[in-house]
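In structure tokens, one chain follows: the form predicted alone.
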Amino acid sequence: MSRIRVAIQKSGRLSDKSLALLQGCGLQFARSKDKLFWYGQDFPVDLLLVRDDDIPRMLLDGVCELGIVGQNVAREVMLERNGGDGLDELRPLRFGGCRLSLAVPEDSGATSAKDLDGARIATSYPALTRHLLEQQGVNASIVELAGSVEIAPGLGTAEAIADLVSTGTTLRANHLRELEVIYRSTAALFSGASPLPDDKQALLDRLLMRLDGVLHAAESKYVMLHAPRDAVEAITELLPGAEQPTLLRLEGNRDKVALHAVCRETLFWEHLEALKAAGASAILVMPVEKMLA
């Protein structure tokens, strides 16, 4: 029987959410003693747990068919190996968001990336940083560092850095300020660019269908409420991302109906307040566990 291998981060900020996403698709795994290979029990999909920067390389080398990794890591490896090609992004995922930013010392006079033309820029993403700066017409000298990029300006080895930024606390601790965001990234599901055999493609299509269901369910809510019959249209228009709702007769009340709808966009308190103002009552919002379009 054909099987598909999926590589995910062994440990780090994407590891737990990647595993939870696959388990949400109904995948269960038997864990090996070394914890690097997990065998799929109920669905022919096996798991490889590796370093995040190994995932795109394994895809390019044909070791596995799928991988969940940050877009920034995938682009770095593709630029390093193939000038930017070689992998297909199948689905962007809704976790692992980050930004690659240029930062300079607090007393620097630079106001944009263009002010760094000719400067030395330290980064752990040399290929991606060089590519993004070249797109802006900036010719900088890239200093590759494996870690502790933020200390480079203080040591005098670079005039600026390009590093992943979340809160900016590390930058401030090293007397740096964020100059410009040059790339935004999220986790994504990637495959190699080579076509799969028909049997593996069929497995992939099934897995993607389940994955889409999990992703849609995660952002969707099931809404139930009571609505005056003459306000159904106005109330429906207030439900974000909802298709045609289901209307049910309320026993003993001819003037109202029960309205059920799936909202594919986030519902905020402002939405509920607007529904209430339009005449809705008994409003109930529930999470959706599974969904197939």
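The structure displayed is predicted, hence computed values, not measured ones. For every residue, the number given is its place in the sequence shown, counted from 1.
Keep in mind the form predicted together with a small molecule is missing from the figure; the text below concerns it.
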Residues 9, 98 and 168 all lining the small molecule in the predicted bound form, heavy atom within 4.5 Å: yes
Just to confirm the contact call: exactly one of 69-77, 216-224, 199-207, 132-140 touches the small molecule in the predicted bound form at a 4.5 Å heavy atom cutoff, so which is it? 69-77
Checked 159, 115, 150, 180 for heavy atoms within 4.5 Å of the small molecule in the predicted bound form; positive is 150
Spell out, yes or no, whether the shortest heavy atom distance between residue 17 and the small molecule in the predicted bound form is within 4.5 Å. no
Quick one: does residue 57 come within 4.5 Å of the small molecule in the predicted bound form, counting heavy atoms only? no
Whether residue 185 contacts the small molecule in the predicted bound form should be assessed with a 4.5 Å heavy atom distance threshold; does it? yes
Though only this chain appears here, would residue 46 touch the small molecule in the predicted bound form if you measure heavy atom gaps against 4.5 Å? no
